[in-house]
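Before any questions on binding or motion, here is one chain by itself as structure tokens, the form predicted on its own.
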Amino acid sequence: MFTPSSKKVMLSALVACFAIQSGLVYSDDVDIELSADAVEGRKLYHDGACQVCHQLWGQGGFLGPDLTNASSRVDETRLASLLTVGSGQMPAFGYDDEQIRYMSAFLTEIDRPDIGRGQLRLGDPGMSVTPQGAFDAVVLETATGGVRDGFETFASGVCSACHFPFQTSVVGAPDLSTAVERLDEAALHDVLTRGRPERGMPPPAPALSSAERDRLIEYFGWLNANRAELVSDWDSRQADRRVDWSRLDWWEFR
């Protein structure tokens, strides 16, 4: 049981931490100059209360993905679909072309690795190595032909927004390297066409062509057949990483 004096000490420590945190936030001299279009996009971001579900530099809600580097992984077609008809738990905002242009400008201009990254980098920030980056390097150095095309479809944002390599993601999306063990080819085509709304997976938007689905399934099969080697290579690329706290901004994921 906490004594009255220990409770006072704990409360004082929490207040001190809050005061220090506030001081560091408001003394930080990092700023981003936005274009006129990007400023309009930032207004839309706040007017739509996007921060309730999404984060920028690790700050915000956790229902949706961090959008700090969204422009690097979501193409314009996918972004337009998300901002008009929504996806899964994301509501349909019905943005027109001008509003989509504003939001695209905002997301593009804040996507600056020199300022910060939305994904915690458990390694030397100077190396620009993340678990996702290490995985991408493994695949791009190994995959060829239709497998590589399938990976590029996967990485375009249709799948990578929710799925993470070799493990269940924080939003509950399963490991796709074992997809071919759980589902046959017909079932995979069905999921890649209609999604699994009852499990929180919406239909891909924009819809995947038959060729894109074929390449994705080929990629999933390759992941499964080479899983052990890929995991070993993926782990080895991250083995020498270290956390250099002196180079990490305290208030954001770098």
Ligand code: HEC
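Note that the rigid core is defined as the largest set of C-alphas that superpose within 1.5 Å between two forms. Keep in mind the model is a prediction, meaning the values are calculated, not measured. So that there is no doubt, residue numbering starts at 1 and follows the sequence shown.
There is also a form predicted in complex with the ligand; it is not shown, and the following applies to it.
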Q | 4.5 Å heavy atom contact with the ligand in the predicted complex for all of Cys159, Leu192 and Phe220 | A | yes
(Q) With the partner left out here, check for me: in the predicted complex, does some heavy atom of Thr108 sit within 4.5 Å of the ligand? (A) no
Q: Report whether the minimum heavy atom distance between Leu67 and the ligand in the predicted complex is within 4.5 Å.
A: yes
Q) Though only this chain appears here, would Phe93 touch the ligand in the predicted complex if you measure heavy atom gaps against 4.5 Å? A) yes
Q. For Leu83, is any heavy atom within 4.5 Å of the ligand in the predicted complex, or not?
A. yes
Q | Contact residue in the predicted complex, from Ala179, Ile100, Ala134, Val147 (heavy atom within 4.5 Å of the ligand) | A | Ala179
Q: Using a rigid core alignment, state whether the CA of Ile217 is displaced by 2 Å or more between the shown form and the other one.
A: no
Q: Superpose on the rigid core, then tell me if the C-alpha of Asp47 is displaced by 2 angstroms or more between the shown form and the other one.
A: yes
Q. Does Leu192 move its CA by 2 angstroms or more between the shown form and the other one when the core is aligned?
A. no
Q) What happens to the Cα distance from Gly195 to Gly48 in the predicted complex: does it get closer or farther than here, with a change of 3 angstroms or more? A) closer
(Q) Assuming the CA distance changes by 3 angstroms or more, are Asn69 and Leu216 closer together or farther apart in the predicted complex compared with the shown structure? (A) farther
